[in-house]
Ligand SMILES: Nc1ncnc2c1ncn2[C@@H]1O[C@H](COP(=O)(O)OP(=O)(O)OP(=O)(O)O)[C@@H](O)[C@H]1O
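Just one chain is shown here, as structure tokens, and it is the form predicted on its own.
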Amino acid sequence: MIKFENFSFTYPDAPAPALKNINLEIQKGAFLGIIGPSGAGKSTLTYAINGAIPHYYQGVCQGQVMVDGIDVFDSTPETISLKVGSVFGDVESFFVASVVEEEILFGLENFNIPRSEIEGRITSALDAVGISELRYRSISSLSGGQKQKVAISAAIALRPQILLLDEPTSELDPQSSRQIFSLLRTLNKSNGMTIVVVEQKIMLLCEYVDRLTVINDGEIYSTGSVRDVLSTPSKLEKIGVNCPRVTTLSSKLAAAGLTNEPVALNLNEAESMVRRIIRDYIR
């Protein structure tokens, strides 16, 4: 679905590449989380997927990026946008309309979707995100979580195969953040949409994504299942990735020889591990 082959990119006048020799495959139907320290190159990676590089951000490129069999560099932004829907953390700066319906309509008309399909697409996009009641509301009157849902509705109204999100919960409270990720899981599991999300809230990612990719200093540091990537939290913490506390705790318990179980990814797993350790100690 998405394939990077020896991809490197350097912004104009930058002293070093933002991305270096990236080789990464994201399969169709994946739910991938991208993590890494600030300035690692996470956002730049997303720009290469949705065509912002090289069509908007100029620089020196090497290698290849393929999206659904199409070379991003040989395609047009319009073609890529019909395959990749993009949602960014600061959605307010991207809104072009004042009313929810008009925001969704703008994208459909801009991409010349047949008029006979527009009503159905607006309705289905609002239904899929669960905000049909907001259709005629002013965007300025909405909460942060509702605005994120409007942005996702506008993106999926174009029926992309891939939904790309960069820090979608950065401005949201914990409850709204969880609502957004629950929505993303539904789009992934029920609709088969490939989801790629850059996010700092790793504990939240662990609950929802299937795989993680860690980027550090412009390179792929690690990629794989969530448990495999987080199996050595001390190494991730050294490069500036704050692992979930339950993962760090379980890793230390294993290092102390108290358990040989895989690292815990959530509170339930951590609680069960500690209970088993205490039970064995009492015996």
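Sequential numbering from 1, following the sequence displayed. Worth saying up front: this structure is predicted, and the values here are computed from it rather than measured.
In what follows, reference is made to the form predicted in complex with this ligand, a form of this protein that is not presented.
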* Asked: Heavy atom within 4.5 Å of this ligand in the predicted bound form: which of Ser222, Thr44, Ser251, Asn50?
  -> Thr44
* **Of Met273, Ile22, Ala18, Leu265, the one that lies within 4.5 Å of this ligand in the predicted bound form (heavy atoms)** => Ala18
* Asked: For Glu167, is any heavy atom within 4.5 Å of this ligand in the predicted bound form, or not?
  -> yes
* Contact test in the predicted bound form: Pro37 vs this ligand, heavy atoms, 4.5 Å -> yes
* Going by a heavy atom distance of 4.5 Å, is Ser81 a contact of this ligand in the predicted bound form? -> no
* **4.5 Å heavy atom contact, Asn191 and this ligand in the predicted bound form** => no
* Structure fact -> Those residues of 1-16 with a non-hydrogen atom no more than 4.5 Å from this ligand in the predicted bound form are Tyr11
